[in-house]
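Just the one chain here, laid out as structure tokens, in the form predicted on its own.
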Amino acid sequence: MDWQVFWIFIHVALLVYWLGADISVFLTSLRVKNANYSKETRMALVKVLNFVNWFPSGANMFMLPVGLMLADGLGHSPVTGWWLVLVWVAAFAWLRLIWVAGNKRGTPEGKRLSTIDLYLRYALIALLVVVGVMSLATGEPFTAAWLAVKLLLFAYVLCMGLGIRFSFANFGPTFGRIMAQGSTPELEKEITRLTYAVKPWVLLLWGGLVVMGYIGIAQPQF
């Protein structure tokens, strides 16, 4: 079995599920803000949104480990052997943390786990930027410039994800108030504002994923 082909397939599948599910989440959020829908319909849409959102969450967790598998196969990565195993263990542990935090949303433990996830993202973004810049400047530790650019783009995409996270943070509490207290013009206006505030971050994230996909296929010489 050609493992390089296998990991390329997984890498493409992750990109498809990340981008496709992300588009579905955004379009569903536009339906949720429709005040003409019944409470039951809007709640059903939110449940669909929360379920589909697990696909991009999982995809962004495993994009880096799969990318490192490919880079190792090409001989461009210092992350090999047991270091790769460690990366995979960390990815699964991180996904587990996100799962528990999501299931315990609104509780002290859920908030604590969400904060841990946030700081882990800060650390990963910083690491990707440092390693990407070093690799571009010196040719090490990653020996292909296009791969270094992909690392920087991945850091960029994660930053856009944080922008979405912060812009959309009050959506859940506001929607909960609508479900509990009933719709008011003020609450509906806030839901609409939050939905459109997140749009630039979403579009920028999608653009980053498309560019990452192109660079991964074209492997241009910088």
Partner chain sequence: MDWQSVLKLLHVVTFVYWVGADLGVFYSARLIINNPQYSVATRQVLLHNLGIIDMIPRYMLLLTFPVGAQLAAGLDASPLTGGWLWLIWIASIAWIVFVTIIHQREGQPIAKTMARIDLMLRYAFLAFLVVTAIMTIAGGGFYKYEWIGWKVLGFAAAVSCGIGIRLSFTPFIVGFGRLVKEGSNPEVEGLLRKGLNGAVPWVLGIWVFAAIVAFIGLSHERLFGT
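Positions refer to the first chain, counted from 1. Because the structure is predicted, anything quoted here is derived from the model rather than measured.
There is another form of the same protein, the form predicted together with its partner chain; it is not shown, and what comes next is about it.
Close approach of Pro200 to its partner chain in the predicted complex, 4.5 Å, heavy atom: No, no contact at 4.5 Å.
Interface membership of Asn170, its partner chain in the predicted complex, 4.5 Å heavy atom rule: Judged by the heavy-atom cut-off of 4.5 Å, Asn170 is well away from its partner chain in the predicted complex.
Partner contact for Glu186 in the predicted complex: its partner chain, 4.5 angstroms, heavy atom: Heavy-atom contact with its partner chain at 4.5 Å: absent for Glu186.
4.5 angstroms heavy atom contact with its partner chain in the predicted complex for Ser38: Heavy-atom contact with its partner chain at 4.5 Å: present for Ser38.
Whether Val100, Ile125 and Val157 all lie within 4.5 angstroms of its partner chain in the predicted complex by heavy atom: Looking in the predicted complex, the three residues Val100, Ile125 and Val157 all stay beyond 4.5 Å of its partner chain (heavy atoms).
Proximity to its partner chain in the predicted complex (heavy atom, within 4.5 Å), stretch among 189 to 197, 175 to 183, 158 to 166, 50 to 58: Of the options given, it is 50 to 58.
Partner contacts for 182 to 205, taking its partner chain in the predicted complex and a 4.5 Å heavy atom cut-off: If the 4.5 Å heavy-atom criterion is applied to its partner chain in the predicted complex, 182 to 205 yields nothing.
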